[in-house]
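Next up, structure tokens for two forms of one chain, structure 1 and then structure 2.
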Structure 1
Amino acid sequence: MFRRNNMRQAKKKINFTYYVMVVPMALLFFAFHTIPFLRGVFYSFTDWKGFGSWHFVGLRNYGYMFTNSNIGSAYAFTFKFAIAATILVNVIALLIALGLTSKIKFQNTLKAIYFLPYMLGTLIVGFIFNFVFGNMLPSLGKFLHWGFLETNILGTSHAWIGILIVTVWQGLAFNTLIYMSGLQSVSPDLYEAASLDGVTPWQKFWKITFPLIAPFFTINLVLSVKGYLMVFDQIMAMTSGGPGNSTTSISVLIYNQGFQGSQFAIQSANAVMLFIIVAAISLFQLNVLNKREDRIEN
């Protein structure tokens, strides 16, 4: 009886302001995200070309995905790219964050410089680097007689490395910011105590800093993998998937073939698959990394 009373009181106490904050966003999300998504799922079971009439075809589109070599290679490229980008971005971002939170001169200026790429739109960055790779670096290469710089990297079999460089450069800022806020949450007392015990900087990082910022590591890893599995803008701006299909990511393929190629239904199926994969990987990461966090904390 006492407990129930208590619960009722707790219910009454909920302030309406919280609903005002949460409900509009939920409605907008439902209208502009969930409904289109459900429609996409629906069309993945039809033969809709993006226009005209359609029929139900069951799971045919999902079967077709396994027969099309382009879809397979898009998945291979996307995973290769996402893994490389996630590792590079997180390692470099952590190093930069360590540097920027230590006592150095021009700290704020440097922070601003590192954050600048994030404020530019991805497409703009892509177009800028188009020019850098296409004109500036080849002229520099010719001037210095460095053969490997003389050709536009985006027109070679290494085009994906060009895109990777741009992606890492631009993606760094966000991850650095999260790591920095993580590092600032570590109490300086711990470092003082550690220095009294005479630990090496390496031990300090692995035994104190890294375990304490583990939750930030988790969120960075999940966000990076999710983001890079859906890489799109920079590829459209720089190579639109070429040369050949060497830089065609899943999202680029969905867009190109779905609209230009009139394969709306097939690419809807592809999009559903991508969603399932991204969701599964994110859940898996959260599970594994949370367990690791728990272990560290105990």
Structure 2
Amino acid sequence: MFRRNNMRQAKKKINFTYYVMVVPMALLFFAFHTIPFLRGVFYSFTDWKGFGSWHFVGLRNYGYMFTNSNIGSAYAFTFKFAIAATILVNVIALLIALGLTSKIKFQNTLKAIYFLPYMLGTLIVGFIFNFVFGNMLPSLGKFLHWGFLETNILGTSHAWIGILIVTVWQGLAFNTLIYMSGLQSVSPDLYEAASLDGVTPWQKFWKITFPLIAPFFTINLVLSVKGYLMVFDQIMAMTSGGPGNSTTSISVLIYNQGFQGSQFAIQSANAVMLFIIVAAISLFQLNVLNKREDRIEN
């Protein structure tokens, strides 16, 4: 009886202000995100071109995706780009975070410098590096007689490497910030005790630091894979998917063919498929990494 009264009192303590803050956001999310998504799922089962009349075609659009070489190439490029970007961003960001949380001079200044790219718009960064790759580096290459710099990399078959460099550079700030939060949560007493036992720096990192920041590693990995599988802005700003279709990601293909190629229904099916893939990979990662965290804690 006493417990029941306490539960009733706890329920009464919920402030109405919370509902005022949460409900409008939930309604806006439903109106501008959920409804368009459901409409996209609906049109993926039709032959609608973005205008005029439409008819139900069942799973025909989904079957078409497996026979179209452009869609297959876009998926191959996107997975290659996402894997490379995820590995590079997380390795470099962890190294930078380790450096910035150690006892070094100008620590705050360096933090500001590393965080600056995150404050710039992706399209602005893309256009700046378009000029760098197209004018500054070729001029420098000719001056130094370095052949590999004389050509604009964005116009070659290695254009994806140029996009990857810019994406990694801009993505480092966010991941570094999360890793720094994790590193600052590790108690210095553990390192002092390890030093007294004669533990080497590598052993400190592998046996103490990395297990304790495992949850932050999980967050970074899941967000990185999800974000890079949907890469769009960097490509549109730097190559628009070219040369040819060599840097066309799934998101770029959906935009180009869906809104400019009269394939609205087919690309709606493509978008639904991309959503399923991203959700499945994210859930798989969370499941595997959470089990790993549990093993470390036990």
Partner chain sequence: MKKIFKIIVALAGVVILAAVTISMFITSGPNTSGKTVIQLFSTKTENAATYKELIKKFEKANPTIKVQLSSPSNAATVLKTDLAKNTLPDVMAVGGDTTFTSLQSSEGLRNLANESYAKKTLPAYRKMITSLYSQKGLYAVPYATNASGIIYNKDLFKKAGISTTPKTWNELIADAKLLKSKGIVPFESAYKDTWTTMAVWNQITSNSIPSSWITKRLKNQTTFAASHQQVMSKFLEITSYSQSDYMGTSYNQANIDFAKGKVAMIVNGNYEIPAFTPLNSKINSDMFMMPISNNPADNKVTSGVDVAFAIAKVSTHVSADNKLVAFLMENKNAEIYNKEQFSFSAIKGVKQTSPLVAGITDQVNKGNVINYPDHYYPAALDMTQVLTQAGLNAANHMALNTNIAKSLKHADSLFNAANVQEK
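Please read all numbers here as calculations on a predicted model, not as lab measurements. Structure 1's sequence is the ruler for residue numbers, which start at 1. Each form is matched to the other, and the largest set of C-alpha atoms that superpose within 1.5 Å is called the rigid core.
- Structure 1 is taken from the form predicted together with its partner chain, while structure 2 is not.
- Core-superposed comparison between the two structures: CA of Ala280 displaced by less than 2 Å.
- Structural comparison between the two structures after rigid-core fitting shows the C-alpha of Val22 displaced 2.3 Å.
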